[in-house]
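Single chain ahead, written as structure tokens, the form predicted on its own.
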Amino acid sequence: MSDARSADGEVRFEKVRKAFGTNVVVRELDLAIRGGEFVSLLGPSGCGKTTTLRMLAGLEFPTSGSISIGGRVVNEVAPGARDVAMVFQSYALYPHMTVAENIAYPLRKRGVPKPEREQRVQRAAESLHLTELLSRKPRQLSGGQQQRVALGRALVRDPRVFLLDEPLSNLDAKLRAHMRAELIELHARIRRTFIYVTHDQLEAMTMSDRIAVMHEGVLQQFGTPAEVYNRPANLFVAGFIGAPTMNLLHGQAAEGAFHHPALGLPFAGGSPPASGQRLVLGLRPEDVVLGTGPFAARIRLVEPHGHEQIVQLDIEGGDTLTIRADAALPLAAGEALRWGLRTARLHLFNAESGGRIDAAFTAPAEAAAA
């Protein structure tokens, strides 16, 4: 795609707010999406992600703030004049039309001449591996094939921006994985702006250039998949991103260390949090080391997952840690063991504000159990 076309696909939300009566569903949203980028709006149900997409499509209008596409404010622009195409969770195909007719429908509505329609339908069908299915009716197609037809109907319009509202949620797990790969390949080929709404973090992490994590109408973090995973901005992002989720241990700062009933971790250098400050320590399941270390635990549960084991550990203070362990490690429920931490990969948060605190810790071998 040309640089000009990339610039045309730039999307900006500036101080966008959306309320339905007294119910505010999007709060002061500032978001800049580069042309040609694949961005996912990720969050739990009710976080405002679909409303955000609908405002961009022109199906809802912001209560305040501005939305622009390619530098043009589109708040008052009709949906059909925004040069965007939307793909919904429902395929919404016309059952009496063939695949070719379904794909061509938006072009026919716009009065595109038949020879050009046929050429564009053929190109879209080739891109989505639908050429052999053009004469079939929707009832003769699998779920994945129907979803590709819905994508083809959007693709044939050659829009600046593709809007996808949970398009894979009706598919089974195997087909979702296949369609994720197809969407990644499609985006790489056409380099248009894709904005993808999902509550599924696996979809967001595997497909996106950047992810906008939303909660209760507020943008929590906007960054690459690696950034939101490795440096979550706050407790919500830390607990939402990752499967199994991050372990969160509530403790406090005392005498230059983080203290919890099960462990004490001295801070290393810098300006440590003030004594008495309430803190939350975040530990990814893969950053807990079993079999060696200064801390004690008892195995509650072992779940074999083939290539790995997911293990739950009971630790002092009544907390439970969920960790990943090598499948070859002999583990059994009820067994007592020692454990340690990869301190360079720990996360620290303010328990009151939820905000991230940049802190470093000494190695577990140098720390004494609390």
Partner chain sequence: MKRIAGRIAFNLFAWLVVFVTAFPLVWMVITSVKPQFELFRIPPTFWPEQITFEHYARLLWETPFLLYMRNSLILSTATTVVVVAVATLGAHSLVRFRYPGREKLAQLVLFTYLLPSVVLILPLYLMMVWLGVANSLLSLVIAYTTFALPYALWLLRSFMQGIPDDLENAALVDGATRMGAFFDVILPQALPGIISTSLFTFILSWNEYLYALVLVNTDAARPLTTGVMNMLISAFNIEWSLLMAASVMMSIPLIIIFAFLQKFLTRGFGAGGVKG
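If you superpose the two forms and keep the largest set of C-alpha atoms that fall within 1.5 Å, you have the rigid core. Positions refer to the first chain, counted from 1. Keep in mind the model is a prediction, meaning the values are calculated, not measured.
Although not depicted, the form predicted together with its partner chain is the subject of the following passage.
Student: Is V302 part of the interface with its partner chain in the model of the complex - any heavy atom within 4.5 Å?
Tutor: Close contact is absent here: in the model of the complex, V302 is far from its partner chain, nothing within 4.5 Å, heavy atoms only.
Student: Any of the heavy atoms of R108 lying within 4.5 Å of its partner chain in the model of the complex?
Tutor: Contact check for R108: yes, within 4.5 Å of its partner chain in the model of the complex.
Student: Could you tell me if L59 has a non-hydrogen atom within 4.5 Å of its partner chain in the model of the complex?
Tutor: Yes, L59 sits close enough to its partner chain in the model of the complex that at least one of its heavy atoms falls within 4.5 Å.
Student: Can you work out whether G223 and its partner chain are in contact in the model of the complex, taking contact to mean some heavy atom pair no more than 4.5 Å apart?
Tutor: Looking in the model of the complex, residue contacts with its partner chain do not include G223, since no heavy atom lies within 4.5 Å.
Student: When you measure heavy atoms, are Y94, M97 and N170 every one within 4.5 angstroms of its partner chain in the model of the complex?
Tutor: So, yes: the whole triplet contacts its partner chain.
Student: Between the options S275, T245, Q122, S90, which residue brings a heavy atom to within 4.5 Å of its partner chain in the model of the complex?
Tutor: Checked against the cut-off, the match is S90.
Student: Check each of G256, G291, P261, G80 and return the one that places a heavy atom within 4.5 angstroms of its partner chain in the model of the complex.
Tutor: Selected option: G80.
Student: Just one of 232 to 240, 114 to 122, 215 to 223, 153 to 161 has residues with a heavy atom within 4.5 Å of its partner chain in the model of the complex, so point it out.
Tutor: Heavy-atom contact with the partner occurs in 153 to 161.
Student: Counting only heavy atoms, which residues in 111 to 148 are within 4.5 Å of its partner chain in the model of the complex?
Tutor: In sequence order, P138, R139, G143, Q146 come within 4.5 Å of the partner.
Student: If I superpose the two forms on their rigid core, does the C-alpha of V99 end up displaced by 2 Å or more between the shown form and the other one?
Tutor: Yes, the C-alpha moves 2 Å or more.
Student: After core superposition, I'd like to know whether S275 moves between the shown form and the other one (criterion: C-alpha shift of 2 angstroms or more).
Tutor: After core superposition, the displacement of the S275 C-alpha between the shown form and the other one stays below 2 Å, so no.
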